[in-house]
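Consider the single chain below, provided in structure tokens and representing the form predicted on its own.
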């Protein structure tokens, strides 16, 4: 496999140096693997911290900035960051109002963020944790106990970040973040396997004429493999799974997310089928986002995430945000 890298051992460090050079509004600590908004800690503001393995860019470091995350902890590729990273990030953004940890439901992330919260609380920092577990494809996987955290992470980080930016207290920010997760469901499909720099070859075997329905963002197995399907057929399967489990309610936020190796031409076409099916099923779409937001290195494929959104969530979604990976209203 050909990759635009020097050696696998420095991939994350090199990427962090590039992020720092391109975005001087961030403070990037390459040695300790931290990405922090330059004006942190913001006085009287709840700090919002997330993190996880690298390889899902722009998640999480690309969402650090005004209106979203105050700090992110990047681990090695597909590997959880360590508790010391998370504790440093928590201390760096703490202004006295407490800190929210947003954690995708993967075993390493959950355990390490829990240890980091204990370390922070020993230093007198009030910490809350919100777990993201939106993937309806599987109940358990090799990485999780329960559902995996996937596309809804973007919704949770954006809404919690907007509410924290507005000066809401920690308990309210945490409760609203949990509400977003509870109202969100996701389903992904892989057309090809991803390739980690360390391995240099596909992480799983997917024959040319097959696809994986319900794939995880690390290439974990999904519900089943089938022969290649049309975009419309894939949209039908994904929405069947999501709408069967999505709480009832009003309109939705829609994320049609690329896994890293799918052109926007295909993603927008796929999105048109998703929109049409939702219309046929009388599901109103209040906002739509199409692109690569929660990726899996070079995997070809896409995921769909829906979140039931009331007026408050829509207002927070529309609130100004200024990060490398998400920017509007500024």
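Numbering follows the first chain given and starts at 1. Keep in mind it's a predicted model, so treat the numbers as computed, not measured.
Heads up, the form predicted together with another copy of the chain isn't pictured, but that's what we're talking about next.
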Choose one stretch from 40 to 48, 285 to 293, 27 to 35, 64 to 72: the one whose residues place a heavy atom within 4.5 angstroms of another copy of the chain in the predicted complex. 285 to 293
In the predicted complex, the residue from 93, 174, 234, 253 that sits within 4.5 Å of another copy of the chain by heavy atoms: 234
Please tell me whether any heavy atom belonging to residue 230 falls inside 4.5 Å of a heavy atom of another copy of the chain, as the geometry stands in the predicted complex. yes
Under a 4.5 Å heavy atom criterion, is residue 312 part of the interface with another copy of the chain in the predicted complex? no
Contact flag, residue 14 vs another copy of the chain in the predicted complex, heavy atom cut 4.5 Å: yes
Can you check whether residue 210 is within 4.5 Å of another copy of the chain in the predicted complex, heavy atom basis? yes
Would you confirm whether the three residues 3, 266 and 272 all fall within 4.5 Å of another copy of the chain in the predicted complex, going by non-hydrogen atoms? yes
Residues in 308 to 330 with any heavy atom within 4.5 Å of another copy of the chain in the predicted complex: 324, 327, 328, 329, 330
